[in-house]
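Take a look at this one chain, the form predicted on its own, written out in structure tokens.
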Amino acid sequence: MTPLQLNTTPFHQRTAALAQGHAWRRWAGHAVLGCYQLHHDREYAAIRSGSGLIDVSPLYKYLIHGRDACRLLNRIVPRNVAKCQVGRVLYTPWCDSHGKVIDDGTISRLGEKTYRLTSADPNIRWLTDNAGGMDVVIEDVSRSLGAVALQGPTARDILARVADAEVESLRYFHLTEGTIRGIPVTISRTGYTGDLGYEIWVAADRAVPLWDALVETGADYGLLPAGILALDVARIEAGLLMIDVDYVSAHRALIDSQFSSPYELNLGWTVNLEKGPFNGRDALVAEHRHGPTWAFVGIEVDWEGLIELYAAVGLPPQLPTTAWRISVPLYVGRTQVGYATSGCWSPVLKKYIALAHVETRFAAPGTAIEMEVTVEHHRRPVAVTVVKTPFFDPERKKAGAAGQRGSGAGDGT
């Protein structure tokens, strides 16, 4: 019997050669690096102070075109795709008929009748099932299209130097076509780090020379290839959801408590109840009327309280060296009122932070609750405070090249 083998990305020829510790991770059936160096700290620092180059090719990518392309997407997602102009990108979840989130991703309008949908999970069957009777073509271009994220404060300077494209004027959640050293690319001002950043989309057979061009140019701007471990810390600081970590897809949820609506995931801003019918609309109208049961929030751990817990056993505070992805109970008194789903020590904020689900009555910023921590094999409560996300939201994320504030309309803000 032949063992199951993971796919490699179009950039694998370059990424594999840089793997010092061969810290491979699985992502959507692909082998990607957790970190290139023996620890992810320098890669994270590059994202926040220089630029990180992140292979995001394992994303599922679907090209949707034809007369009814917009109609299909408007049926599937709660956002009004008809208002998305050519050259814009929308972030959105999509739901089942009960208003529970299946997946989340981006919709890029590439032409009058052409869109690209990205997702964390395979969605070709869901798209096809919803396209009955429509004049639309759905193509799975996941393997033929490579994608790399250039994220960090020097990302614009790197692209301005190497790309023949309108990069300096490119606004937040917009895209443009161009070339990088003669290689045709699409550049979108998007990313998963909550920082100034871009995602560059390229034909798979041109991925390696694109990587080389970015690495060579980025050498003068603090660029480092960055893996999944550094990306995980950055996305938690940005307050961004991860499927199968912060929520369960409605296609895999087995019991009622595993389902989540957009309102329960702090994604109510993506729901447009005024547009035409879409999957889950009736359920979301009802939920909007009476309010969600749960809320998705940020929490900050009380540092002094953590010090005291460890000092009681004669130890300094012990912090995880990587972001964690486990369910951690949250309490008020002896009553559990929620659970954290992922967290980390934030190097840029110098705080211990986490993303969490709490009952809505405890979701107001400033609410004091407790989180369970394990100190020398014993479980102890530590004080935490509910806060708004994102934890880290630098001005440069949306600002233009000269520092002016850019439009956030593309992401719904």
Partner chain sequence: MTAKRYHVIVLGSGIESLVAAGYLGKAGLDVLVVDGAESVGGTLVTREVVPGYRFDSCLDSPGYLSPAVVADLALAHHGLKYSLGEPLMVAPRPGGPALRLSADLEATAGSLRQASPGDADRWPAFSDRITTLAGLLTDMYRRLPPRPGEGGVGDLMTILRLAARVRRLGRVELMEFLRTFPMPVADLLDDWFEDDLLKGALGVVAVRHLALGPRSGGTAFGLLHQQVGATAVPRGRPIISGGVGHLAWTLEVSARERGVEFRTGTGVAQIVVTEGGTTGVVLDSGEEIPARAVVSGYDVRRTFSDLVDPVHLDPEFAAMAARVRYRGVAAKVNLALGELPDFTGLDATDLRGTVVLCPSLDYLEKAYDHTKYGEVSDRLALELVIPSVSDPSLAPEGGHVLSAWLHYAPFHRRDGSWGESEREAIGDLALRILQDAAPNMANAVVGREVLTPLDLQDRFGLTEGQVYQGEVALDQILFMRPIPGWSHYRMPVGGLYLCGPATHPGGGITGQSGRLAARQLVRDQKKGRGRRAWT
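Numbering follows the first chain given and starts at 1. These figures come from a predicted structure and were not determined experimentally.
Beyond what is shown, the protein has a form predicted in complex with its partner chain; the following relates to that form.
Candidate spot 71, 134 and 279, all three touching its partner chain in the predicted bound form (heavy atom, 4.5 Å): Every listed residue reaches its partner chain in the predicted bound form, so yes.
Its partner chain: the contacting residue among 106, 272, 130, 322 in the predicted bound form [heavy atom, 4.5 Å]: It is 130 that has a heavy atom within 4.5 Å of the partner.
Contacting member of 169, 293, 179, 97, with respect to its partner chain in the predicted bound form [4.5 Å, heavy atom]: Checking each option against its partner chain in the predicted bound form, the one that comes within 4.5 Å is 97.
Options 307-315, 217-225, 188-196, 118-126; stretch whose heavy atom lies within 4.5 Å of its partner chain in the predicted bound form: Result for this chain: 118-126.
Partner contact for residue 75 in the predicted bound form: its partner chain, 4.5 angstroms, heavy atom: Flag for residue 75 set to yes.
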